[in-house]
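Let's start with one chain on its own, the form predicted on its own, as structure tokens.
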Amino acid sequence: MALELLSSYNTWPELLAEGYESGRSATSNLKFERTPRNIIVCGLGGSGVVGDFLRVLSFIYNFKVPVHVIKDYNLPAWVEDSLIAAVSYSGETLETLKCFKEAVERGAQTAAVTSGGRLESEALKIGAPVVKVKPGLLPRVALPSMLGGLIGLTDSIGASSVEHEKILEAYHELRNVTVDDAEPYANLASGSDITIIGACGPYSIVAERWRQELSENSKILAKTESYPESAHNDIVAWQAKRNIKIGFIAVKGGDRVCEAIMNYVTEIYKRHGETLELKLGQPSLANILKGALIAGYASTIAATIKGVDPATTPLITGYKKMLSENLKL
């Protein structure tokens, strides 16, 4: 399974480009009366992180429309004049289906990003845009497909401003990433009792993605520290000596302040365990996806080292069964 998963990660450049075109074409025959005042992305897990990436991009590229992410089964009170984008790779995520249904009942503008399932069916019933993404993947592998689709959708209605040039730049950057780039990080994570990934500013989403990938693919205990916030709480924990083997991955890049912060905390990390840096340069779509792709490769390699199947997630399956018994649509 690991080799198959690595092959799937290899397709990220194409998934991004195809997703973007799918997103733009989803609204080709649909005219919004006005540009939404907010973008609200509903989603969980490997689908929900798509909204987190879009929110970070809204700061990098100065969107005129704010992006909010809902990882729950209830919407906020202020959905009027908002675009509710429901993102579920399978189309069967109950929390996301409930958010979509509630958005429709409240008269909000809606769209769906999915490979099919009930979400596609519900969206088609009301004539909402459906951004179809490539089926047959694990949701976490389909990140660039869903993100590209969401960007294409929001770009086409004037709610975001990433545009084709940035997609092309990311496409070429992703093609330059190799499995070899990830091997040192895989060795660090697989040999640690806990792996901490620290990042500053926009790159906090990359650190969060690493935590998710190490948890799902490698079944490794991982923790995210997001700076500058974590400099006011998390770093205090490292004043004490720990009797566990700790690995640190410091995601670096950004402005002068972030560089200074990460240099400071990296020195703290070095007192407690092995430290590696992931240098990404200035924040951009290309660089945050590069960091995420290296995480995918590293977590899959680490799964092989630890002898675990990266695809199996029985605890998530059990959670979904429990939820279906308690959240009725």
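The first residue of the sequence shown is number 1, and the count goes up from there. Predicted model, so just to flag it, every value in this text is computed and none were measured.
The protein also exists as the form predicted together with a small molecule; that form is not presented, and the subsequent description refers to it.
Residue heavy atoms within 4.5 Å of the small molecule in the predicted complex occur in exactly one stretch of 61-69, 289-297, 40-48, 262-270, and that stretch is 40-48. Taking non-hydrogen atoms only, residue 225 never approaches the small molecule to within 4.5 angstroms in the predicted complex. Residue 155 falls outside the set of residues with a heavy atom inside 4.5 Å of the small molecule in the predicted complex.
Among residues of the shown chain, residue 145 is not one whose heavy atoms approach the small molecule to within 4.5 Å in the predicted complex. A residue is said to contact a partner when one of its heavy atoms sits within 4.5 Å of a partner heavy atom; residue 216 meets this definition for the small molecule in the predicted complex. Among 203, 100, 89, 210, the residue placing a heavy atom within 4.5 Å of the small molecule in the predicted complex is 89.
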